[in-house]
Ligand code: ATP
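To begin, one chain is listed below as structure tokens, in the form predicted alone.
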Amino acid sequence: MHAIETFNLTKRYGSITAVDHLNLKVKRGEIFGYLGHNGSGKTTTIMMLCGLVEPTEGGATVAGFDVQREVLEVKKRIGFLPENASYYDNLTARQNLEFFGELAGLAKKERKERSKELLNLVGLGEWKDIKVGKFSKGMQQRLGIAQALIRDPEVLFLDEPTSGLDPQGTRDIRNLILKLGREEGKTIFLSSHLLAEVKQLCDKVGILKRGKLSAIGSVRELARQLNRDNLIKIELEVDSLDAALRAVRDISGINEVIKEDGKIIIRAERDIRREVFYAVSGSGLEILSLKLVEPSLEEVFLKAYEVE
């Protein structure tokens, strides 16, 4: 069931604890978003899961293999795109991929076929014989994903894959990640500090704070976990804000009602949309919209960072 599982995974550098007793599970075929400020321990986590850094304490399995005792088996089943990937600028895209295929142990015919297939997959087929030194940052990132896929891995680790890209490059990489996850069934562990990116791509989100997992779940689940006052947010658009305020103020269960950006915002202990509808329409006002408002990922992230 789980492509990635950690057990009190910990990494210390002297007196600094980069990752602190991390326990998480990522299902096979899931796109998992790993959120946190710079320096929160995201990259260290990935390095341990890829078998590139030894844990100080605890452990983990990736694709069913122990990252310490079975590290070679792990490396056969993963692909990794680091935040600042490097390539041979004087080689073409095809030559770079074939070289990495050789390092991965692929036979000559297989690595040639695989390189051609991957360059087409990431949209670089027509650029295959262009030297990588002439590539834009976005093209280099696409080449990096192709490189990470050279072994056809079960699990793909992407560390800040759209960092430094322009909007077009960002969209291209996001579409590619969705294709790999939704159509090809790859398990993708995506580290990012870009909230919009994670919300668009990920099935589940983990929020890391100073090396500790502060919260984990879908955006909706996280909102419930972190809604400490347990209030529901309702948004009302109406033709007269002041009259609407007077109409709803005596409804039982309202914790707060305010005007905000030309709308009425109600925070209540329960879903009182029915009562709001009858109170406002009964006052002769025209209701333009009345809806529950799901918290944004930004709100969820900030709440997670408030929790000690």
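Source: prediction; values computed, not measured. Numbers for residues come from their place in the sequence shown, where the first is 1.
Not on display, but discussed next: the form predicted together with this ligand.
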Fill in: Triple contact flag Tyr13, Gly41 and Thr44 to this ligand in the predicted bound form, non-hydrogen atom at 4.5 angstroms
yes
Fill in: Listed residue (Glu98, Glu197, Glu160, Asp172) with a non-hydrogen atom within 4.5 angstroms of this ligand in the predicted bound form
Glu160
Worksheet item: Between the options Glu117, Asp203, Glu184, Glu83, which residue brings a heavy atom to within 4.5 Å of this ligand in the predicted bound form?
Response: Glu83
Worksheet item: Does this ligand get within 4.5 angstroms of any non-hydrogen atom of Lys263 in the predicted bound form?
Response: no
Worksheet item: Looking in the predicted bound form, any heavy atom of Ala18 within 4.5 Å of this ligand?
Response: yes
Item to complete: Evaluate Arg267 for contact with this ligand in the predicted bound form, applying a 4.5 angstroms cut-off between non-hydrogen atoms, and reply yes or no.
Response: no
Worksheet item: Counting only non-hydrogen atoms and a 4.5 angstroms cut-off, does Arg246 reach this ligand in the predicted bound form?
Response: no
Worksheet entry | Segment assignment from 65-73, 273-281, 251-259, 32-40: heavy atom within 4.5 Å of this ligand in the predicted bound form | 32-40
